[in-house]
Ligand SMILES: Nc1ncnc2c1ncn2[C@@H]1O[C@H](COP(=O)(O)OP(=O)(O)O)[C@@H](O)[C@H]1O
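What follows is a single chain, given as structure tokens, in the form predicted alone.
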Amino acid sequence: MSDVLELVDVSVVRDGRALVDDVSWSVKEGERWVILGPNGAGKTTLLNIASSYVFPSTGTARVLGERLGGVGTDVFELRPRIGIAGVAMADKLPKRQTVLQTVLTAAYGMTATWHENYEAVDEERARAFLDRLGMTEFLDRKFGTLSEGERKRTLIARAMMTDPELLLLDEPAAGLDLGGREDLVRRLGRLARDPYAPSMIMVTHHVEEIAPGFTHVLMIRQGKVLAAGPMETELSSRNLSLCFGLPLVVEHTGDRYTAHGLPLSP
């Protein structure tokens, strides 16, 4: 399997501070990765490198075989090969557009409708992805009127429209209530288990949000990687405690993970 993402000794420095520090990491075709870490650890910076919107200050980053900043690399040709779903994308989308329009515009790399004419195959794809994510009954609803969970599912459908080779999910369950989270995790699990789905990277703070089918975990703290590898070996109580800076216990029940702190001594 070839690498869809390869970072070698990558650092990103802003205002004299390393957002990520000497990170080496690779993601291969078909892998589904979770990036875990506390606020400010560097999770979103890693995702921004993977999306080609942030270049390393030092080190080498290759995304889908293209070296960021390399001679001959055109990020505008690279970016349509990467699907992105997150708060930053949601903020760019017009609230007045329907759910179907919101997903369709991704076929042209746009955020808003203009005068483009969509082919029947585009609309069929958009409807199929929305149906897969439980959004068929919301096709004509305005994006701005959706609940947080409905909005997250619409964004994931939109990210899939260009048939990406790499799918990036930035805290997809953030802001959801318990029911909304569990519904989204169930749908992400179905996607993660699909052998035809793209390689996936998801950022989260919570192990409870890791969907079945995700295969690997990377833990980062203060810009440095603490652990990276298969979920079953690296998502341990020891590693999670080091990552979040307090004693934590990881439990694995069925195909889901939970974590909790140890009780304080009397």
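Note that residue numbering follows the sequence shown and begins at 1. Since the structure is predicted, the reported quantities are computational estimates derived from the model, not experimental observations.
Another form exists, predicted in complex with the ligand; not displayed. Remarks below refer to it.
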Report summary line: Which of 66-74, 33-41, 194-202, 224-232 lies within 4.5 Å of the ligand in the predicted bound form, heavy atoms considered? The stretch 33-41
Report summary line: None of 215, 236, 52, 45 but one has a heavy atom within 4.5 Å of the ligand in the predicted bound form; the exception is 45
Query raised in the report: Is there a heavy atom of residue 243 lying 4.5 Å or less from a heavy atom of the ligand in the predicted bound form?
Result: no
Query raised in the report: Hey, in the predicted bound form, does residue 248 get a heavy atom within 4.5 angstroms of the ligand?
Result: no
Report summary line: Taking the ligand in the predicted bound form and a 4.5 Å non-hydrogen atom cutoff, the residues of 11-32 making contact are 14, 15, 17, 19
